[in-house]
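To begin, one chain is listed below as structure tokens, in the form predicted alone.
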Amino acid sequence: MRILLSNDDGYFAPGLAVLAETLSTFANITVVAPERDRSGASNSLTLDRPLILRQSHKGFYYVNGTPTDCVHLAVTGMLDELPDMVISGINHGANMGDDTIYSGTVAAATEGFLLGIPSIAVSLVSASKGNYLTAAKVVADLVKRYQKSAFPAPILMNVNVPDIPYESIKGIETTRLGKRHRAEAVVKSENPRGQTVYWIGAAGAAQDAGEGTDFNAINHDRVSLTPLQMDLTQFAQLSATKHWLEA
């Protein structure tokens, strides 16, 4: 099995290294990741300059671009054979609820999905304890399950793993995305040159964390697995919008 790995934390991130080492025991791994931390890059493509692909060591490559650039470049021009799966992560911190819109981790997996390849985004919630091996084992379990019983069509899975030992995980739950409160205000400060600068505020706390959500699964020490789609159409408002235009 051929697996393409990427992330948004950069090719040097510990989560990526653990994931590559774990999956290499049963799959052929190629890593193409950003040269620096590109957290929050979402699905952006670099169109105003050329990209440069460099190799750090065997099987590990890095690109001076976004997570989406990395997967797009690898699948459409670098690899001689298409990967059987694209996996992005292991992200340092959660990608739940509204986070998925901004997440570079999810974006890398999304690009694989849009190119017709089954894809998984995986994040270690909190990551303060650094149980990356837990998340890597969870992904390995999912990949092996997929090998035995593949979906009939390409899938895009968003996986969040509690930052606890693997033995403490209480199962995997299929979830929907929850929702956060609005983000905190930007933090205004002054740099050494006397210029006013602004830091983006922290993400809001969970607002919709009820039963069935990704937040709820994590709160109960379960892995959250949410199938995602790319159709952003608000179907419930199609009729109302039509009437509004015709009024």
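Note that residue numbering begins at 1 and tracks the sequence as displayed. Note that the coordinates shown come from a computational prediction; the quantities given were computed from them, not determined experimentally.
Keep in mind that the form predicted together with another copy of the chain is missing from the display, and what follows is about it.
Another copy of the chain in the predicted bound form is not approached by Ala206, whose heavy atoms all lie more than 4.5 angstroms from it. Interface residue remark: Thr30 is not counted as part of the site for another copy of the chain in the predicted bound form, having no heavy atom within 4.5 Å. Interface membership of Thr134, defined by any non-hydrogen atom within 4.5 Å of another copy of the chain in the predicted bound form, is ruled out. Contact annotation for Asn160: none of its heavy atoms lies within 4.5 Å of another copy of the chain in the predicted bound form. Along 219-243, these residues reach a heavy atom to within 4.5 Å of another copy of the chain in the predicted bound form: Leu225, Thr226, Pro227, Leu228, Gln229, Met230, Asp231, Leu232, Thr233, Gln234, Phe235, Gln237, Leu238, Ala240, Thr241, Lys242. Relative to this conformation, a decrease of 3 Å or more in the Cα-Cα distance between Phe12 and Lys58 is found in the predicted bound form.
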